[in-house]
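What follows is one chain in structure tokens, specifically the form predicted on its own.
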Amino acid sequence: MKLKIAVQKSGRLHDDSIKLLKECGIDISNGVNKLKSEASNFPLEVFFLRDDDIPQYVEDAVADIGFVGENVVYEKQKKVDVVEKLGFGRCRLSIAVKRGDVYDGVNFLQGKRIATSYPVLVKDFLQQKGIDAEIHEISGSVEIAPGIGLAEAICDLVSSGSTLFMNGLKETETILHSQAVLIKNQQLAFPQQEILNKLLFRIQSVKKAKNNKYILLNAPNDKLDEIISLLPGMKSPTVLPLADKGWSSVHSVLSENEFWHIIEQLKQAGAQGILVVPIEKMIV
């Protein structure tokens, strides 16, 4: 019994999807132009598909699960469940207009033509804002639409914004913040669900490791209580005596989000020899 997963065959999510599976200890051979592969050490069969097609394949149970962008899930509106946000492929779906236009709010779009590959999401946004605009659905090279007179605005995925800038556009409204997610078939059979649970356990362990750092430091014993109080690790930190009397070694885990603030406090409290180590996997 195998779990069938759909992965983007090329594009912005492909490399990170394969990297995540490998970080989960799953060995996949992905040859050139290969549309199907099997893991050698995990009950997983991989289909390499177009990103836009993945929700349909998962709904139809051709694939049990899939890695896909949130933007595609919500645009396609297929009957699938979002199981896990994966933390990569972050972008935003945004409205953009010509850089020289005076944009005074969403009412600017009233009566305008908007070019996009995401007509469903744009229509929902316009309805929520009470705006009546004409949606032109096109695929690819959306950003050239204002320059050739096809539309006065566009709605497209934005990461750095450099593509908009090069095409004389500016970002005005964000419709959706998106990242890669794991979706599953709503009628997933029990044997496949058990395999999915094992895969999710590995994925969550990898994600937790990326969001945390292992920290080792030397602390004078008379400052030990203060230093320990600054460490919000999983549980109480490990404290070991050093060869030098009056000193201890303290080991703990810090979240990436609070890392630098706490490091500064630790130094002020008397910690020395602070060593920070990346975590490969984190099981809690």
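Computed from a predicted structure; not experimentally measured. Numbers for residues come from their place in the sequence shown, where the first is 1.
Note that the form predicted in complex with a small molecule isn't included here; everything after this is about it.
With the small molecule left out of view, the stretch that reaches within 4.5 Å of it through heavy atoms in the predicted complex is, among 196-204, 127-135, 158-166, 77-85, 158-166. With the partner omitted from this view, the residue of I263, A269, L20, L13 that lies near the small molecule in the predicted complex is L13 [heavy atom within 4.5 Å]. Listed residues R99, K123, K210, R90 were compared with the small molecule in the predicted complex; R90 is the one with a heavy atom within 4.5 Å.
In the predicted complex, none of the heavy atoms of K223 sits within 4.5 Å of a heavy atom of the small molecule. The shortest heavy atom separation between N71 and the small molecule in the predicted complex is within 4.5 Å. Residue contact check for D51: one or more of its heavy atoms lie within 4.5 Å of the small molecule in the predicted complex.
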